[in-house]
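Before any questions on how it binds or moves, here is one chain, the form predicted on its own, in structure tokens.
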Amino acid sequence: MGQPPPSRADRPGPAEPHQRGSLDSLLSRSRFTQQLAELVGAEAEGHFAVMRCRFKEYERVSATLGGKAAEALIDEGARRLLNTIPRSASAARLSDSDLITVIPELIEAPRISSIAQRLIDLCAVPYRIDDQRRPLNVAIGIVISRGNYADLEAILSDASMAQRIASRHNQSQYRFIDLETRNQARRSYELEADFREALQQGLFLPFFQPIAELRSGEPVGFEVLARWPRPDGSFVTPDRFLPIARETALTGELDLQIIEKALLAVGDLAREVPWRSMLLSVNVSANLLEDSGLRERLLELIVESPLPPGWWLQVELIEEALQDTSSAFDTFLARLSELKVTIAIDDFGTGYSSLARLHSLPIDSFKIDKSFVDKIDDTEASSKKLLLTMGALASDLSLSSTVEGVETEAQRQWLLQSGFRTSQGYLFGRPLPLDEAVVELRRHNLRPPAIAAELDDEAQKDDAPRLGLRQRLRRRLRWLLG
């Protein structure tokens, strides 16, 4: 089928400037669909496989770094695809972020799986552009034709359906189309419709997970997490609705809905800990960071919803967000800092960021991902060394750090001995609805003994003593946070 692609290396490393773009080696879309239609109509040649590959970072790179950077990404994806498929295969660009290939006379699922997995393995190697390392996550939908397709559109539709299922995962995945995949796609479409309706009706709720001081176990704040309740009292788990939010580009709207409700609810928490410095930490998705309108709405929300005395707001960004070098992004972070909002990097150590950006931006802390904590007891793993390195990095950069995913007493003891001060995890508490979070705070009995509960309102009348004490408490909490 068509002209064979250029010779391919066994394994591509980080991208180098191309003498000739890999996209130029692909067939045009019209020529590709013509050849695919001919295969469908030819009884003798009706056995083939189709792989539809979506490079998931394309839209994000385009939004943050511009079209030229996004084209460099898809060109690198084309290079790695051409280095993967057999010479008998043909490939084309189907849309901005989608490449498609047809492999004639190949219908054995294990062989096709090995090709798809090889592409995933190659895409696991980050590539370099603008002096930064970029991920190449890919979602692959696979169709096998054994003469059972009557038209081209049916094949492309099934490939798209399988690819969409693969896109639900954070990491690169491939999926074959079969009865289960079709049923899964149908359920997925139904869940997406329910998600959109729930978001429009404002049904999502903030849950509060304690951030604890490692030594005492006492809460020093809460992280706010989104939960989706069903009418029957059950909850749709985040691993089901967050991929839908990302795929539909509605994570920003979800962020704002949860943050607004959390800011309204924090007063109930504050009544249990008067005069105590506490942290309210909220998550901000890439979708919100990339949308100027959503960013402005967040800033307005923060200005219009001041926190109770002693509380301060922290915004958590994913590590890859630091790859955005636009002036608008830097201005947004500076504005947050002006509003006395602290900025944390979430899941630190799992993404790609520049140390120079950590140093130059108003970053206050980072949260170390639970994947490192999970392996503390594994003698074969290097997690302890990595944790110590990240702790030292935080200290060198004058940043605080919080360790996520602490679940056992042994993990707590090792982290304490290694100099960490604050953490999160099931050892200290699961995410709780507001009423249960209030009860949890009450259980710790954190009210100063000299302040009676009924005097809370009266104490608000005297700002001067409160201000000095609040500043001292804030300094204490900052010490706890590193």
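These figures come from a predicted structure and were not determined experimentally. For every residue, the number given is its place in the sequence shown, counted from 1.
Quick note: we don't show the form predicted in complex with a small molecule, though the next part is all about it.
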Would you mind picking the one in E260, D194, E296, E407 that has a heavy atom within 4.5 Å of the small molecule in the predicted complex? E407
Exactly one of E320, D346, D98, D75 has a non-hydrogen atom within 4.5 Å of the small molecule in the predicted complex; which residue is it? D346
Among 237-245, 98-106, 303-311, 323-331, which stretch sits within 4.5 Å of the small molecule in the predicted complex, heavy atoms only? 237-245
Look up in the predicted complex whether D364 has a non-hydrogen atom within 4.5 angstroms of the small molecule, and give yes or no. no
Y426 versus the small molecule, in the predicted complex: is there a non-hydrogen atom within 4.5 Å? yes
Does the small molecule come within 4.5 Å of any heavy atom of D158 in the predicted complex? no
Even though the small molecule is not shown here, does E272 get within 4.5 Å of it in the predicted complex, heavy atoms only? no
